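Next up is one chain by itself, shown in structure tokens, the form predicted on its own.
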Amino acid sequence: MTKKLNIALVGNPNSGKTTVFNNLTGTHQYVGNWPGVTVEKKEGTCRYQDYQITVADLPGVYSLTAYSLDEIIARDFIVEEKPDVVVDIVDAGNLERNLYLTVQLLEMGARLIVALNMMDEAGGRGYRIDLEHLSYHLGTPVVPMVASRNRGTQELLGQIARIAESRVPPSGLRIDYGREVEEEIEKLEDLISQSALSRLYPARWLAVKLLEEDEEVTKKFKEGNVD
């Protein structure tokens, strides 16, 4: 029996996300627009073992803070559509910059796989990445890839299927922001637990966004999303 999965691809611009999308879906793609906006929406399908997988190629973003329409689209899709797996395409040669988005995804509670792309270029620059160490500290699978040569695609699909079968819960990565900030986060979490938004977003993540004065999250609370 065919099993259906919905996954989302997310990543920084120029991380090779579109190449990964093309490798996964081939000619089984369709293009439209995200609801209410003119931003292009790309989706496709692929098969792996018993799975029929729908793949959403989210806009390239550096973070999930609502500074741009692309960031809002990516964030809302992950929260509202709740894909079975989120694949974060990371440029192996620019870990420090790319992992900022990874941490935000983990704090949101996404069931994440890190696709560590451009491993050949990183190796050519003398970088040696301990994949097991990185996976351990992130609490999520890390798949090495060279998407430009279609390397790692089957391994990525295998990890997607494994997570889907095991129903592994999100890692729940928690960043310690220091005693003073953590005290404020805890106070906000208590209040947020009474809000309608807490049924969609992790309360801790909302608290952090409010402290960051995230315009979209603040707007949602002001519009009466509190019970």
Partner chain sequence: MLTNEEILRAKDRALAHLRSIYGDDAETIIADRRYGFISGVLKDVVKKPAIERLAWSDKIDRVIVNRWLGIPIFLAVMYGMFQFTFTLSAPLMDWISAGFDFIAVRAVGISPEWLGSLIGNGIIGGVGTVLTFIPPIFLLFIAIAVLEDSGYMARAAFVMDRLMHKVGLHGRSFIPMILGFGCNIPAIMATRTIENPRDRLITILINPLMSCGARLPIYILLAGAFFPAYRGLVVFSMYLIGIILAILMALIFRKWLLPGPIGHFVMELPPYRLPTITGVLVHMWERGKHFLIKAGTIIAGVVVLVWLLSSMPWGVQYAGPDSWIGHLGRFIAPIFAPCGFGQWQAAVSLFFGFLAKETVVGTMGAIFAVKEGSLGTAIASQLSWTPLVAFAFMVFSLLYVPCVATIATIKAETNSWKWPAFTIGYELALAWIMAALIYQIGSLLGLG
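Numbering follows the first chain given and starts at 1. All of these numbers come straight from a predicted model, not from anything done at the bench.
The protein also exists as the form predicted in complex with the partner chain; that form is not presented, and the subsequent description refers to it.
Across the proposed site, 2, 10 and 77 without exception lack any heavy atom within 4.5 Å of the partner chain in the predicted complex.
Remark: residue 36 counts among the residues lining the partner chain in the predicted complex, judged by a heavy atom distance of 4.5 Å or less.
Using a 4.5 angstroms threshold between heavy atoms, residue 28 counts as touching the partner chain in the predicted complex. Though the partner is left out of this view, residue 97 does reach within 4.5 Å of the partner chain in the predicted complex, counting heavy atoms only.
Contact annotation: residue 180 falls within 4.5 Å of the partner chain in the predicted complex, judged by heavy atom distances. In the predicted complex, the residues of 100-137 lying within 4.5 Å of the partner chain by at least one heavy atom are, in order, 100, 103, 104, 107, 118, 121, 124, 125, 126, 127, 128, 129, 130, 133, 134, 137. Shown here is a form in which the CA atoms of residue 105 and residue 36 lie at least 3 Å farther apart than they do in the predicted complex. In the predicted complex, the separation between the C-alpha atoms of residue 13 and residue 37 shrinks by 3 Å or more relative to the displayed form.
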